[in-house]
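For reference, the chain that follows is the form predicted on its own, supplied as structure tokens.
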Amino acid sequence: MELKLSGLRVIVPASTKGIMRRVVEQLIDEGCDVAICSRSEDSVARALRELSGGRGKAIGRACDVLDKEDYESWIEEMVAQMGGVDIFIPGVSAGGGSDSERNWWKNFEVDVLSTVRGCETVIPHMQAGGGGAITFITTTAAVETFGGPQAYNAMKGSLLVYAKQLSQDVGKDKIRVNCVSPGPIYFEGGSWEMLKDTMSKWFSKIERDHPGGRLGTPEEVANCIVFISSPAASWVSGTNLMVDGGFTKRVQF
């Protein structure tokens, strides 16, 4: 299948490691120019070195999505350097936790508010350019009970509502808005590696309960993110794509 991604310009915040790093690598392999960021200057510099030499080009700098002015100026800088933006993939997250009110504020500011700010910054550029695609990275924990009540699940759930409503609002501008919701995904340095070390019995139970007998990989999620963000998915908007290997038990009518 031809994804028709070559030459497109993509912004992927918080993308020097994990699932979002795999997304960036695949986009560059497809010939996209991709803007990346991280809070760490060293992480960005290392990623730019490692991503050089591909079909597409990677650009970026350190940026803190919690800093409204810094985040919005980073997006504007990346749009200016690439000459526009065709795809925006906000996947930054504060992660889980249920130990204090601080988690609710952090997940709201990182997961929700940064996504809203990013969309409000890129959408005028997409409108001027004749369209685009926006893909939120949410979670299966937002669509059914999992891991107890916590800010991460609830805030990601709010993004599902925002994405659906936004897709209706900007559809007339030929801008598609979708969500990709991964189930448990294991990779080095990720939250599930930490849970394997700190809650080994619960981790083993999750593996046993999974229909596939294992957790997913970043590549398996990245494949779906790249597809749904691509022109090959031109008639897909306002949907939430579950990428969980059948882990969730709800019936999705």
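Note that residue numbering follows the sequence shown and begins at 1. Since the model is a prediction, treat every value here as computed from it, not as a measurement.
Another form exists, predicted together with a small molecule; not displayed. Remarks below refer to it.
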(Q) So in the predicted complex, is the small molecule close enough to Met155 to count as touching (4.5 Å, heavy atoms)? (A) no
Q.
Does any part of Gly183 reach within 4.5 Å of the small molecule in the predicted complex? Heavy atoms only, please.
A. yes
Q: Answer with yes or no whether Thr16 is in contact with the small molecule in the predicted complex, where contact means some heavy atom within 4.5 Å.
A: yes
Q | Residue contact check: Gly118 to the small molecule in the predicted complex, 4.5 Å heavy atom | A | no
Q: Name the residue from Met126, Ile137, Ile134, Ile75 that puts a heavy atom within 4.5 Å of the small molecule in the predicted complex.
A: Ile137
Q.
To verify the annotation, which of these, Lys196, Arg39, His210, Arg55, has a non-hydrogen atom within 4.5 Å of the small molecule in the predicted complex?
A. Arg39
Q. Quick check: do Phe88, Gln165 and Ala233 each get a heavy atom within 4.5 Å of the small molecule in the predicted complex?
A. no
